[in-house]
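Just one chain follows, in the form predicted alone, and it is written as C-alpha cells.
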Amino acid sequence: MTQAEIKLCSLLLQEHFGEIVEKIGVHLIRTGSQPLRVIAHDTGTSLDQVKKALCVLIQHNLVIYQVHKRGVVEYEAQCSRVLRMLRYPRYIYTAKTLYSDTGELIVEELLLNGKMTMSAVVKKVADRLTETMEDGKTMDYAEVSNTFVRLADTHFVQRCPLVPATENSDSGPPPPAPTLVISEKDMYLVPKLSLIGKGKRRRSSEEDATGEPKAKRPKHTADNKEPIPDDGIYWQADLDRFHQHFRDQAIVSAVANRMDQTSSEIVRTMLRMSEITTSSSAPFTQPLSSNEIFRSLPVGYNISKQVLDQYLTLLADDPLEFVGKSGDSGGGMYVINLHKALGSLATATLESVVQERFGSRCARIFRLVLQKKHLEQKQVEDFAMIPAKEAKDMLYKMLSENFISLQEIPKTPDHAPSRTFYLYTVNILSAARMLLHRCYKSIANLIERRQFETKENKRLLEKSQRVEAIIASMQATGAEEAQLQEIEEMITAPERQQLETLKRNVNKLDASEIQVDETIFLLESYIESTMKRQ
C-alpha cells in the first residue's frame, strides 16, 4: 500500500462519509486488521463513534471482519474497494446507457446506501422518477421492478451474503460475529414480489400524503406497518461485472480503431456471448464456433457467412492477437485472448504517455525497444536513426523516469564495465505499476484542487443557493416576473461571472478525474491479469 493510495483513500472517505469514518478507515488501512478496543485506543475515538464508523464502512463493503481462534473479532479495511468509489459516476452512467433512467437510479441508490432490499430500492426509485414527471403522471412499482430483475439477470446487481438459518438456532451461545454465506446459484435469484403501487410525490413537511396536517394524524399508525415481503434479502451493485463491461468496451473500441466497425461488431458479439460463460478473471473467453457467431450477430447486420469467416481470419492473423483460432470444428473455433488484449491496451497507454511527456522521437525509441526486447545503446542509435548524443540523452531521461530499464550482462564475474553488455529493455509490468502510482497521485491532486476551489468560493456558493431557494419558493406561490427579477439582481454581474468561472473549473477537474480513472482501470486490469498468470 503506497502513500499515494493511502492519501487518495483518505480524501475519498472524507468526501463521502466525513472525518470520523475517514479517521477509522485510514487507521485500518495503515495498520491492517485490528480489534474494536485497539482501534478506539489508537485513534483516540470513543467506542460508540468507532462502532458507528465501522457500521458505515461494513455497510458499504469497505471493511470486512473475521473471528479469530480466541474469539476476538478483528476488522480489516478493503483499500481496493475504497478506491472503487472514484468510479461511482461511471457505474451509474453505464447503468443509464444500458437500462435508461430507471437502471441509473437503481444502481445509484445501491451505491449510495451500500446494501438495500429490493422492495426499498423499487419504492425509492419510483418516488424519485415520479418527482421528475409531469403533474398527473406516476411511475409504476412493477416497471421499476422489471428493470431490477433485468439488472439481476445480467449480474449487474447481486444478493449480499446472509446469516445461515442454522446459526439462528438456540443450540448454544451466539458467536462473537455472524458468518455470512451465500451459494453461487442464489446470488442473482430475485425474490418473487408482488409490488403493487405507484411512486409518490413529496408533500410539504406539515402534511402527509393524504393531505392531513401532522397534528391530526393518528399516533398508532406506526405500529400497524405491514411486514416487508423480502425482509433480510439485501442487494448490492456487482462492481466486478461493471469492470468486465468496461474491459469489453475498451477491447471493442481498440478493434474499431485498428480495423473497422464490422470487426468491432463481431468482437462485441463474441464478448456478449461469453459474458455469462466466462469468468471475469479468465485469460481467454470460451471457444465459439463461426456458425454460433453468425447466428448471434445483431438483427439487421447484413453480412454473409463467407464475409464473416474472412473477417474472423483477418482478426486471427492480426499481430495484436486479440482473437485467436482454437480449432476447426463448426466452421472454425475462435476465442478472444483477454490477457493479450489488456497487455496491448496497457502498452498503448504507456506509449501515449511517453509521447506526451518526452516527444515523438522518445516515443520512437520506446516502441523500438518494445519491439526488439533488448538493445544496446549503439543499436538504438542505428535503428532509430537518431544522433548518438540525442539518443543517449533520451534513453537516460526515460531510464530516470522508470519507463525503460537497464539490464547488465557481464562477460566476466568481476562485472567490469569494459567487459559488460548494457541492454535497454521495457518491463511493461513495472512501468505500468509506476504509471498507476502516478495516476493515484494525480487524482488526489485533482480532488484537493476541487475542494480548494469550492472552499475559496464558499460564501458566494451559499449566497447563490439562498437566492435560488427564494426564487423557487416565490415561483411556487405565483410571484410576478418583476419580483423574481429583483431577487435575481441580488447576485451582481462580477459575482455571476465568478460563479461561471468556478463552475467551468470544477467541471474541468471532474472530467479530468474520470479520464485519469479510465487509465487507472486499464493499468489495474492488466496488472491483475498478469499477476494471475504468474
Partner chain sequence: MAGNKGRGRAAYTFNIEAVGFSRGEKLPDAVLKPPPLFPDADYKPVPLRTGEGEDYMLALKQELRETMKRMPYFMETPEEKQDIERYSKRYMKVYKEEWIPDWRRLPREMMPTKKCKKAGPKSKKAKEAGKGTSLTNTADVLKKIEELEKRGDGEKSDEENEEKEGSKEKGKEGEEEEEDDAAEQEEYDEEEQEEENDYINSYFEDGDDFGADSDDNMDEATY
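Residue numbers count along the first chain shown, from 1. These numbers come from a predicted model, not from an experiment.
As for the form predicted in complex with the partner chain, it is not shown, yet the points below apply to it.
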- Hey, of 389-397, 336-344, 254-262, 312-320, which bit sits against the partner chain in the predicted complex at 4.5 Å between non-hydrogen atoms? 389-397
- Query: Should F17 be classed as touching the partner chain in the predicted complex when contacts are defined as heavy atoms within 4.5 Å?
  - Reply: yes
- Message: With the partner left out here, check for me: in the predicted complex, does some heavy atom of Q485 sit within 4.5 Å of the partner chain?
- Response: no
- Query: At the 4.5 Å heavy atom threshold, is E184 in contact with the partner chain in the predicted complex?
  - Reply: no
- May I ask you to check whether C55 falls inside a 4.5 Å heavy atom distance of the partner chain in the predicted complex? yes
- Would you mind picking the one in E108, D238, D248, D127 that has a heavy atom within 4.5 Å of the partner chain in the predicted complex? E108
- Note on the structure: If we test each of Y234, F403, Y188, Y141 for a heavy atom within 4.5 Å of the partner chain in the predicted complex, the one that passes is Y234
- Item | Sequence-ordered list of residues in 487-521 near the partner chain in the predicted complex, where near means a heavy atom within 4.5 Å | V506, N507, K508, D510, A511, S512, E513, I514, Q515, E518
